[in-house]
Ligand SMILES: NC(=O)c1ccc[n+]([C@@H]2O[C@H](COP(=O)([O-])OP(=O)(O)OC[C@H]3O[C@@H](n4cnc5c(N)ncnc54)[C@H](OP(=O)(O)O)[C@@H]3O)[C@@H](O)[C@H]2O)c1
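Here's a solo chain for you in structure tokens, the form predicted alone.
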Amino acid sequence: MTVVLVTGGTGTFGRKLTPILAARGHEVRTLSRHPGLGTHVGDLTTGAGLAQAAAGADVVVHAATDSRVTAMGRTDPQQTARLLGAIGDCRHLLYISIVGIDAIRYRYYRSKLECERLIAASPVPSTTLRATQFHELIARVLVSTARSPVAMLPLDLPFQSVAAAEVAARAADLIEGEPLGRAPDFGGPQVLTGRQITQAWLHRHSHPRVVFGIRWPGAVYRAFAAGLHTCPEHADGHQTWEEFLAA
């Protein structure tokens, strides 16, 4: 039996991954700062509890991130360094990352890229899996528009959203193999504009009631507009945005 420690096990991705791992016969540990939410209490920022959670773990899946708007992943490199210091005996570390982070100078992406570099430079055998945006993340953004009568959305930007469960299944496959360093990117089956995504949403929801397209100046927006966060050559996911909404 393989012992797998999952950081971020209570997040969108982690909640999809842990049952897959358990169904495959792995012993799954989930790390949380809060008692009762995971199997092990630990703090990636301070290092408290990490050694106990990592002891005897064969594989570590690192999916934790500080996604708060006020933080934008600022503490992610520190947390990753703490984790690397605690898992020296594991045979395989899998890091969940994002497509395009080396091409787009977005603050959160810069933090993720620094984590990738720390992992690649460490002696821990590793695989980095970059995925496109989850359907669930885009849905969360659209749900938040219910609070306002008017939504300002980037309707012209392309997105290649993917089901978190499909990325989780790919991650499960990867940890059962040898470390790859960098795995092929994993994207959803379609590239849609923000307008197409919003129109499909409005067929099933009453909000936002009024939608305006918005554009931002600068290199970051231009990079997103160029689709540098998509990977059409790796459209490996199966569930479309419409199918996600129907489900």
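Residue positions are given as counts along the sequence shown, with the first one as 1. Since the model is a prediction, treat every value here as computed from it, not as a measurement.
Keep in mind the form predicted in complex with this ligand is missing from the figure; the text below concerns it.
- Looking at Q133, you'd find a heavy atom of it within 4.5 angstroms of this ligand in the predicted complex.
- Though the partner is left out of this view, L31 does reach within 4.5 Å of this ligand in the predicted complex, counting heavy atoms only.
- For the chain shown alone, E27 is not a contact residue for this ligand in the predicted complex, no non-hydrogen atom being within 4.5 angstroms.
- At the 4.5 Å threshold, heavy atoms of A86 stay clear of this ligand in the predicted complex, well away from it.
- Using a 4.5 Å cut-off to this ligand in the predicted complex, not one of S126, A171 and P179 places a heavy atom inside that distance.
- Exactly one of the stretches 205-213, 189-197, 44-52, 218-226 approaches this ligand in the predicted complex with heavy atoms within 4.5 Å, and it is 44-52.
- Residues of 92-117 lying near this ligand in the predicted complex, listed in sequence order, are I96, S97, I98, Y108, K112, the criterion being any heavy atom within 4.5 Å.
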